[in-house]
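Below you'll find only one chain, the form predicted on its own, shown as structure tokens.
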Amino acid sequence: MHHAPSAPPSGPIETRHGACNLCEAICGLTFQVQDQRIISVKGNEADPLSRGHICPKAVALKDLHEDPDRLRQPMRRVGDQWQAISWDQAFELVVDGLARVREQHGANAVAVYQGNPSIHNWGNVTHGHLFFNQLKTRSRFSATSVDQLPHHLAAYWLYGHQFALPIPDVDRTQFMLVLGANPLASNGSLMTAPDIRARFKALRERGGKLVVLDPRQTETAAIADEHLRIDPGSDAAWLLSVIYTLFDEDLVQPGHWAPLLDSQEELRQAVSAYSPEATADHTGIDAATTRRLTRDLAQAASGMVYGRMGVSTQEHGALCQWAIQVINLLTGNVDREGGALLTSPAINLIQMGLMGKGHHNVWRSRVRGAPEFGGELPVSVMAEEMLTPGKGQIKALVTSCGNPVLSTPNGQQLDQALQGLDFMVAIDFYLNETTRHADVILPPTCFVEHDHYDLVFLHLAVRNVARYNEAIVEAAPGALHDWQIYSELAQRYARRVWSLDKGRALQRVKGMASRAIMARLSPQRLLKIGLKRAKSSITMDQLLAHPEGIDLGPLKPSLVASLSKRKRRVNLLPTLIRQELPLVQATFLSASMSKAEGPPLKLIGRRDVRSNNSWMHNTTRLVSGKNRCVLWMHPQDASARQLQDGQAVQIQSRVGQITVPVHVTDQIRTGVVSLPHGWGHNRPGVNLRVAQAHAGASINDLTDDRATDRLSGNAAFSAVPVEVRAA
């Protein structure tokens, strides 16, 4: 195994530019390096997007690189032990294992799960598809259906493309209404906005207003002009009441959208049951406040509604994200400076046709009948597809940069399902709660050991920039980058499958030739080709000359022009939404009745700036200090259960039970409790020594795989019914 050098550094100190790709903020950094050892990490003041901002995660890049628990060569499981093997052996084992399952049970018996970090590393984006597409499976899953699928579905319905995601123009807006999001902890999510605290401060200094609706006083809510503690799971009802008010008070002013909007009158009628007066008891937001905020938004010089995890991960997630877009459209704030706009990155994957438009419900899952979206099934059905016998049962799994045992609903069920697989391979550099079930682990290089260009997050950034960075330190001899792993797997697997399918030989040979050419091209070469193909104003030479990044200016209106050019109109009331609204009304009535009977507590998630994903818990720097895996509970709820601050409590849901300390605080709404995600490092067979010493418990041992958004299939993590009692 390769470890950081132990001899004292003696060579010259060099300053190198890089980026932190541990979260969506992609902050620009400067590294000081001596003898291939990182000695300091700082924010880059010259970066046009992050402007010198840095959070604790970026400093931990050094820790991740030097972590002695990080795998640095392929590993093979032999019983309960792990054995280091060569890359050649590893590739042959993987190809043989996957091909064998495909031969015996069919292509759909091989599943793929891609975690969030898959799009943080551009080698995954450029080359992962070479291998995954070879598998020819419909059993594809990703973290998309854990947190953001409703966004893509709403964009697909309204604008015709799943990645047509208008980004809040936070630097120029006058009014920002935030639901179920905590940008101060996330640095923006589906809104790449580093240094968001300073951006919100500037909003207030120019006379603007920030309003937050959240059951908890988050870091963002604490600095807002106004914070309203909405009842979890009721966001859809409140958003519908805003649409109702826009019509009821003649506040609809779509402006430049007017010629493109269809179904306005039908929409008015469809929301007629959702007046602020009718929804107030359900949401906890009184009618006068709802009407006032609706007027403030409609009458602001510019503004927008922005909603993220809290509204996406609930029973009506797709309805929420559709309603947010409709509100922004009816107030003329989409494709408007200070509202929400599409980005204009140097490499626009949407315009180049490299991001699929999407499709919905073309097929359904075998057991539950859940709809696919964009070629993926909701991750909530993954375990049942492994556990339920019959044709098409998942027998093998490939995971890429993911830990679904800790990040997807009902993790204990998935833990059980993984034990029964015939074969599993993980592309990951940790032996974690998921990869411990693998037969083979293929570890790619760490973030500072390879070059980087953000192909995805620059499509979500609040300012148009371009930044390419070369590797900060050299990779160990014999190490492979993720793109090299995918390229080799793609070619070897294609040869194996081709040899078994002589009837399609010519097609296979042509495909193999194309893949072979692609596999030889590094991400950097592809970037250079892409810039030329996109006829970008930025060249590779300019990127190399400006590693701090190149400023391409503020976001610009483009969506209306694009839709008009394609002669595409916007149907404000898609068929599935039209069908859903009467069902939602019945749900709200049922919820109001059960509320009167005294329901269980509602569990919501929580995010900390030092804890984006579970694998960040193996660095002492990020887990030091007070225990963060604690259950927040309001004093009234604690008193009713005779619980004291710091006491161990049992939390029980339909699917499981965990024990954690309770933190009694008035910073959360009564009837609601909150637990952070990503913890639960107490399972056997894991080699994460720091994380195991701060194990905590997994919120996803409580979240319910049966609780999903009916329209999208997205996991409904928010407002999980739980009982809490003394341990």
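A residue's number is simply how far along the shown sequence it sits, counting from 1. These figures come from a predicted structure and were not determined experimentally.
Beyond what is shown, the protein has a form predicted together with a small molecule; the following relates to that form.
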| query | finding |
| --- | --- |
| Partner contact for P215 in the predicted bound form: the small molecule, 4.5 angstroms, heavy atom | yes |
| N333, heavy atom within 4.5 angstroms of the small molecule in the predicted bound form | no |
| Residue contact check: G402 to the small molecule in the predicted bound form, 4.5 Å heavy atom | yes |
| 4.5 Å heavy atom contact, P232 and the small molecule in the predicted bound form | yes |
| Per-stretch contact check against the small molecule in the predicted bound form, the hit in 637 to 645, 92 to 100, 303 to 311, 548 to 556 (non-hydrogen atom, 4.5 angstroms) | 303 to 311 |
| Site check V146, R607 and N700: each within 4.5 Å of the small molecule in the predicted bound form by heavy atom | yes |
| Listed residue (N469, S139, N612, T290) with a non-hydrogen atom within 4.5 angstroms of the small molecule in the predicted bound form | N612 |
| Residue (of S380, S241, N618, N432) lying close to the small molecule in the predicted bound form, criterion heavy atoms within 4.5 Å | N432 |
